[in-house]
Ligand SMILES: Cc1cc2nc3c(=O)[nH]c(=O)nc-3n(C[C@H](O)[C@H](O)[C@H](O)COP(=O)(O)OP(=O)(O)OC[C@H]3O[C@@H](n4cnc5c(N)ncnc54)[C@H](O)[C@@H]3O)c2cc1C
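This document starts with one chain, in the form predicted alone, laid out as structure tokens.
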Amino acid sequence: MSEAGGFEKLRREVIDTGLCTRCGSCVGVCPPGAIEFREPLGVSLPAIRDSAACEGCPGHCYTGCSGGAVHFPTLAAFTHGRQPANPYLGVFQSLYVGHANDEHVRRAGASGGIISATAIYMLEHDMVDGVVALGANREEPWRFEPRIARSRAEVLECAQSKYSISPANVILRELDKEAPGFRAAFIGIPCQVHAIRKLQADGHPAARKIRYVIGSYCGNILHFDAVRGFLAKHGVADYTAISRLEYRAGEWPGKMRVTLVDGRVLEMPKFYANYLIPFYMMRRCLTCTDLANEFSDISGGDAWAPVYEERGKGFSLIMGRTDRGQRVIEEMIRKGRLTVEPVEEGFTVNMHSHMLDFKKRGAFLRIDAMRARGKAVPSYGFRPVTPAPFGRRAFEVLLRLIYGVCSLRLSQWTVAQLPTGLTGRLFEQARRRWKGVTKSTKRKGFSEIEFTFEPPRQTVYQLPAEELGEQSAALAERAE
């Protein structure tokens, strides 16, 4: 690829236009290691140290990017071999709600412990040699980084959701160093998974070592300033005083909890801590259209429904998407590692209808507004063709105004001055009222939306049949 191996094109079309997802792929696939993240606790954007190092590079940093273009029909064909019947959820084979039967694993996770339990099961049953997951940096525990977990203990060290920007796909550089036959599972959020699938379709050797993709639901991620703002609210000015940072600590749904080196513990219930979202959310999340991690083998998230919330302890929605992912779920159920109950498709959509509307309708309204202002927008290869009702469009204008005001430094400083308990209570009350007032607006016409999909594009690479065959045969043998 010309233009310094693709990075200059990446910089011009994606980084400088605000479309970078911070997935980390460009850093992970750079052969000479010339790309790095600048200001990882700030804007956290990739930059190149020496453009001369790009000469002759195949340009995977550009072709594997999840920021500018993710062609959903092509990735659906590559990952699943077919297009989704349900455009909100993507391709799936099964829908369950359940939890890990190991109570320690369940308590360690964000909800029902499904993702951690699956990763541990794969390691213990020799399906993979390592699991890519996010864990706290041991020298800088306020920062999360990807690692290759090779044991139950190491997987549990990486349990729970991390809502700070954490470019997980830089791990591709480490995977590239592993032996050619190394088998990995990858735990990631949608934008990271999009890049992994694009790289697999392009035949990238490190991405090919990923045999299973376990995806979490994701609504948004936050800049590290959210942590600074949380600390400021508690009168702490120095983030290096953090000895441990948790976003979903304790009994479900959990608390944002910061443990300081002097032993003090600062915490706030999850729904109170959600006040951080409008002030510190990465703006690229506003134009993401994938909540349910549609191109994973197995995906999961919180089961947000009163029937499960009332029980406490945490329940997960779990979706088997590919043949190999479905076989793992079935085997874990059969061997007593998971307790699950099937749920209906409509119930599953309704469980996350607020965020599905945010992603599948709201994102396109925001994309159209950005395009009208001459701004760069991502391309997905599909879009809704059913016009949004006037009320929903008016709601979107108000929402953009709120996010715009909250992103101002003055707004961030002001909210940091308010008492901790007061901020949380006010936000939770406002959230409940907001959801009640806007519920009918957001749901009006939502179930009747029709989408148009472009034809899938030809992929350069397909995972060799013998690799899939070996996995399928091993799973079938254990099932018998």
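One-based numbering along the sequence shown. Since the model is a prediction, treat every value here as computed from it, not as a measurement.
There is also a form predicted together with the ligand; it is not shown, and the following applies to it.
**Student:** For the three residues G6, A34 and C65, which mark the spot I'm curious about, does each lie within 4.5 Å of the ligand in the predicted bound form through at least one heavy atom?
**Tutor:** Result no, not one residue of the spot touches the ligand.
**Student:** Going by heavy atom distances of 4.5 angstroms or less, which of M355, L260, C406, A232 would be at the interface with the ligand in the predicted bound form?
**Tutor:** Residue within 4.5 Å of the partner: M355.
**Student:** Only one of I171, L199, L276, I115 comes within 4.5 Å of the ligand in the predicted bound form by heavy atoms, so just point that one out.
**Tutor:** Checked against the cut-off, the match is I115.
**Student:** Give a yes/no on whether A110 approaches the ligand to within 4.5 Å in the predicted bound form, heavy atoms considered.
**Tutor:** Result yes; A110 sits at the interface with the ligand in the predicted bound form.
**Student:** Evaluate W304 for contact with the ligand in the predicted bound form, applying a 4.5 angstroms cut-off between non-hydrogen atoms, and reply yes or no.
**Tutor:** Looking in the predicted bound form, residue contacts with the ligand include W304, since a heavy atom lies within 4.5 Å.
**Student:** Given that the ligand is not shown alongside this chain, does Y163 nevertheless sit within 4.5 Å of it in the predicted bound form, heavy atom to heavy atom?
**Tutor:** Yes, Y163 is a contact residue.
**Student:** In the predicted bound form, does A159 have a heavy atom within 4.5 Å of the ligand?
**Tutor:** Yes, A159 lies within 4.5 Å of the ligand in the predicted bound form.
**Student:** Work out which of the listed stretches, 189-197, 406-414, 393-401, 80-88, brings a heavy atom within 4.5 angstroms of the ligand in the predicted bound form.
**Tutor:** Selected stretch: 189-197.
**Student:** Go through 206-221 residue by residue and record those having a heavy atom within 4.5 Å of the ligand in the predicted bound form; state none if no residue qualifies.
**Tutor:** Stretch hits, in order: S216, Y217, C218, G219, N220, I221.
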